[in-house]
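We begin with a single chain expressed as structure tokens, specifically the form predicted on its own.
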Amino acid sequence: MLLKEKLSALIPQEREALKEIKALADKKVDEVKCGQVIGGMRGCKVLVCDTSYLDPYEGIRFRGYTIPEVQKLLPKPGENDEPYPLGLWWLLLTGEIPTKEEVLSLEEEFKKYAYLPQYVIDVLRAMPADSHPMAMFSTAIVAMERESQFRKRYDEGMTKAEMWEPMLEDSIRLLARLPLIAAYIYRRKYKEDVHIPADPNEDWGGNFAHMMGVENPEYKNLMRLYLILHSDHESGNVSAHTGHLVASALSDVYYAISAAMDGLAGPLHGLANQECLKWILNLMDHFGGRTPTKEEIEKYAWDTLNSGRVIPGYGHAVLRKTDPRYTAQREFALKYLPDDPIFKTVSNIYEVVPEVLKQHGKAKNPWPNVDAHSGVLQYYYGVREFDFYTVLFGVSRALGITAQIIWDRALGYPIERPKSVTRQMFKELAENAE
């Protein structure tokens, strides 16, 4: 496998580089304040993530590349298409922009495992029909743990230096099946349980759209873009951190990704995209279903804030500018659906809400994030089942988390175990601090 050969050459170099950092073990790298500990460790520099970095003013960088650079440089199915999402996975793992030949070799490797085992179907069909799609998604993932190559090799007695290899194998098998699992859940819950088989001629991203039943070249392009934009976001967010934490116990990819999806399902994380679309549609309904004027949006925004609620999709824990992922989706919409009334509403909100939030004074970042735009694009192409949006997010985020935990094993990172103290002890530590 070309990817495995590439990693086999890179890993020894990175292990040597890690030794240099370990030699600096006694150096102080950050100062932790009381408010950060009580506030969910926000801003504490306590994790290492080489696959991506979130700059407050530049946005996400995948292995140093900005989103526009990734869109330009990664190989594409066609000249006017969005890049192959698996090209991004290659980039996250190797730090190098792949050739089209390398991406297609990875596509072929994935297709070896692109089938849904009957026992996974049986598990999904045994769940109540009103189960949440994310519960079904997480359950199907952990059900496949029986196929774990990592567990098999661990039981056989592999060395620590070899552990990345079965993590890579398991990640390929899992990622190959995630679109099939997600599409099966979608068709079972929302499309009268009528299913569409995979198309062997489609790429990983385009095939996902095909199996969902959205046979539109534009939507296949949107799916490729969506899977890239939501893939990786450092390692401190709930889903990525959960995946890293679980894998640090030498749990395999299936346990780690299933747990990560459980974190992603929370309203403060992956569920945010559907909350944004609900707010937009409620805004339009409030004005008779039409695109409201900027003055009307301003009043509605103030009414939302004055009632003690937030405007979903605006603000970010790290970013201090418009999220480049929002911008990439906006450019897609301007190209393919410029006259859509919901998109026009999103555009007007973009021009109004930041100023409202600045006047309100409580938001550190008044600019839109990725969630402020993703829902309208799915809605336009007929994917209007809000509960399913987080599953789409989950398929994408698995790209980043698997890349991170493969490298966790390659570099032999230890089990994560921060120290905790009682509130009284913490209060005394804070009061006695200089």
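In this text, the rigid core denotes the largest set of C-alpha atoms whose superposition between the two forms falls within 1.5 Å. The model shown is predicted, which means the values in this text are computed figures rather than measured ones. Numbers for residues come from their place in the sequence shown, where the first is 1.
Note that the form predicted in complex with a small molecule isn't included here; everything after this is about it.
A.B. asks: When the small molecule is placed as it is in the predicted bound form, are Lys335, Ser347 and Leu377 each within 4.5 Å of it, taking any non-hydrogen atom of the residue?
C.D. replies: Verified in the predicted bound form; spot residues all out of contact, no.
A.B. asks: Looking at 398-406, 368-376, 63-71, 29-37, which stretch has residues with any non-hydrogen atom within 4.5 Å of the small molecule in the predicted bound form?
C.D. replies: Contact-bearing stretch, as computed: 368-376.
A.B. asks: Taking any heavy atom pair closer than or equal to 4.5 Å as contact, tell me whether Arg42 reaches the small molecule in the predicted bound form.
C.D. replies: Yes, Arg42 lies within 4.5 Å of the small molecule in the predicted bound form.
A.B. asks: According to a 4.5 angstroms non-hydrogen atom cut-off, is Lys364 in contact with the small molecule in the predicted bound form?
C.D. replies: Heavy-atom contact with the small molecule at 4.5 Å: present for Lys364.
A.B. asks: Can you tell me if Gly313 lies within 4.5 angstroms of the small molecule in the predicted bound form, counting non-hydrogen atoms only?
C.D. replies: Output for Gly313 is yes: heavy atoms within 4.5 Å of the small molecule.
A.B. asks: Consider Leu250 of the chain shown here, and say whether it contacts the small molecule in the predicted bound form, taking contact as heavy atoms within 4.5 Å.
C.D. replies: No, Leu250 is distant from the partner.
A.B. asks: Which of Ala317, Met284, Ile121, Val142 has a heavy atom within 4.5 Å of the small molecule in the predicted bound form?
C.D. replies: Comparing distances to the small molecule in the predicted bound form, the residue within 4.5 Å is Ala317.
A.B. asks: Of Leu305, Ala114, Ala328, Leu92, which residue is found within 4.5 angstroms of the small molecule in the predicted bound form when only non-hydrogen atoms are counted?
C.D. replies: If I apply the 4.5 Å criterion carefully, the residue I get is Leu305.
A.B. asks: Taking the rigid core as reference, does Val310 move its C-alpha 2 Å or further between the shown form and the other one?
C.D. replies: Yes, Val310 moves 2 Å or more.
A.B. asks: Is Ala333 among the residues whose Cα moves by 2 Å or more between the shown form and the other one after superposition of the rigid core?
C.D. replies: Superposed on the core, Ala333 moves its C-alpha less than 2 Å between the shown form and the other one.
A.B. asks: Indicate whether Met136 shows a C-alpha shift of 2 Å or more between the shown form and the other one, with the rigid core used for the fit.
C.D. replies: Moves: no, less than 2 Å.
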